[in-house]
Structure formats: C-alpha cells, structure tokens
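In structure tokens, the next block holds one chain alone, the form predicted alone.
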C-alpha cells in the first residue's frame, strides 16, 4: 500500500475553537475509509485541509507527498463537498465536460454519465435538476479526473433509499477500478455498507481507527432487546451498560454477558417478554465509543 495522505501532529483552530487537536493519521491506497463523528467533531475540517482549502495552525499535512494547495497534487484528488454550487444555466453534459478539462485524462462524458445514472439528463440544465439529481452529479464530478483519492463529504444527502444504494454500487465500482475513497456520512448504514476501515473523530481527536470488524468489536458484549415495564430495574443490573428506548415500546440494552444478564432478570423477578440478542451495529459502536470519551 502507498500512503496517499499524511497528517503529522495537526492542529487547526478557528479563533478560540479547536477543530482538530494534534491529529496524526495516514490514508493508504486500496481502501474505502469511513470517517465518522458527531457534528462539529472535525471531519469536514480534516477534509478541507487535505483539499488545500485550509492550512493547519500547527503540524504538517501532505497529499501524495506534496503540499495539498499545489494544483499538481490536486490533479489526482476528487472531492464532493457537503454543499455544491452548480452553474444553473449549464447543462449536465457541459458541466461534466468543463470539469473534465481540468484533468489530463478525464473519463469521457458518456461513460461517467452512465456510471452515475445521468445519461438521460445530459441536455438538462442543472438548475432544473432535483436535489437528488444534483447530488448524483456532484459525486460524479469527483470521479471525472480518474483520481487516486476521492473525498466524499455526505455524498447521499437528499437521496432516497434506492438512489443511495445505486450510488453505493457506483462508488464500489470506482474503488475496484483503483480509487481510494474517504466517505463521511450521517447514515451509519452507509459507512457500514461501504467501509473497510473506520476512523472515528470526536472533539477534534481520533478516538478510534481500525478495520470495520474491529470497530464493531470495541463494543464489549451484545445488544439485548426486550419488552418490560421496569427498564430502570434492568439498567440497575450488573453488566448492563446502556439503555435505549425503542419506538415500539421495547428497550435495548448494551450488556457484557448476555446469558448472565438474562439469568439475573429471572432471579430478580423482573417481568419481560419478546427477548432477542444480537451483535452491535456500527451506529451502536460509534455511540459507545463517543460516550467513553465524554464519560
């Protein structure tokens, strides 16, 4: 694997606010990397430093071994920011062609349009596109230059479920063709579906960085779901660590030893029904990780 991006003891401040605090991080080729964190955690600042849009207050950022602000390095970088301003009067095909002119070996317009489901919109002005269509075009633009590294900041915002899954498939194909992808998302299932490596950022710090199964494994124990009129009594049991009320009136608990907790439920005569147990999802792992840092 080749190191495409490198952060060495990077801090970025905005006045009195520290967005990133002494972050050291490498992004190597060959992966889809999920970047998770609550709002204000530092995710977008991290991506903006890689794009050369911001400079670190201290520390060093390298992109392909050079300065992120150097256009020669950005030739190999593709980006989709959270908010994209498209020229309203230009047609989709014209925008794809215009952006492609900035790269030495752009993907042909018809090819990139087919990949991202834009073929029937090439003659349509971008101002007439729906929000979801604009988002698909924005993601397609990130791949026009055949980039080695692609940064996708909330790529499927505004898309319905089917459109999101179609976009995932396109991103996977681009990855198989050689692109390394970093994706941030508020949709935890999106990162779980795409990512091989997950980086969790909270309050400007990297609090976890590992393969997806290892991140999931950082939540010790299992998720125990049941119906009970006494959720507080369940939470008071030994080895019950977290309680989440569900919309259907049931309750989910993070437990260490599921069998031991069920035995204790019976011993303490706590009424329950509809009991089930499963491994943690990425969302639950993320919540548990961020709770640890604020406890």
Partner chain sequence: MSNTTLRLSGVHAKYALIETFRIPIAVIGTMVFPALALLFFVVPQEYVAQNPLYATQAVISMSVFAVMANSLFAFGISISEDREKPWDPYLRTLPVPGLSRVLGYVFSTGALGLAAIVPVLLIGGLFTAAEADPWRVVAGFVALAISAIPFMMIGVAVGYGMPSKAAIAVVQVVMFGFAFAGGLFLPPEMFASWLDTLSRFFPSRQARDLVIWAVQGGSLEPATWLGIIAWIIVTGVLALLLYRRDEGRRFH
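Positions refer to the first chain, counted from 1. Bear in mind the structure is a predicted one, so any value in this text is a computation, not a measurement.
If you look for the form predicted together with its partner chain, you will not find it shown, but the lines that follow are about it.
Consider residue 51 of the chain shown here, and say whether it contacts its partner chain in the model of the complex, taking contact as heavy atoms within 4.5 Å.
Yes, contact at 4.5 Å.
Contact flag, residue 196 vs its partner chain in the model of the complex, heavy atom cut 4.5 Å:
Heavy-atom contact with its partner chain at 4.5 Å: absent for residue 196.
Determine whether any heavy atom of residue 87 comes within 4.5 Å of a heavy atom of its partner chain in the model of the complex, and answer yes or no.
Because a heavy atom of residue 87 falls inside 4.5 Å of its partner chain in the model of the complex, the answer is yes.
Residue 135 within 4.5 Å of its partner chain in the model of the complex, heavy atoms:
Residue-level check for residue 135: no, no contact with its partner chain.
Contacting member of 119, 157, 97, 214, with respect to its partner chain in the model of the complex [4.5 Å, heavy atom]
Flagged contact: 97.
Which of 169 to 177, 100 to 108, 185 to 193, 198 to 206 lines the interface with its partner chain in the model of the complex (heavy atom within 4.5 Å)
This holds for exactly one stretch, 100 to 108.
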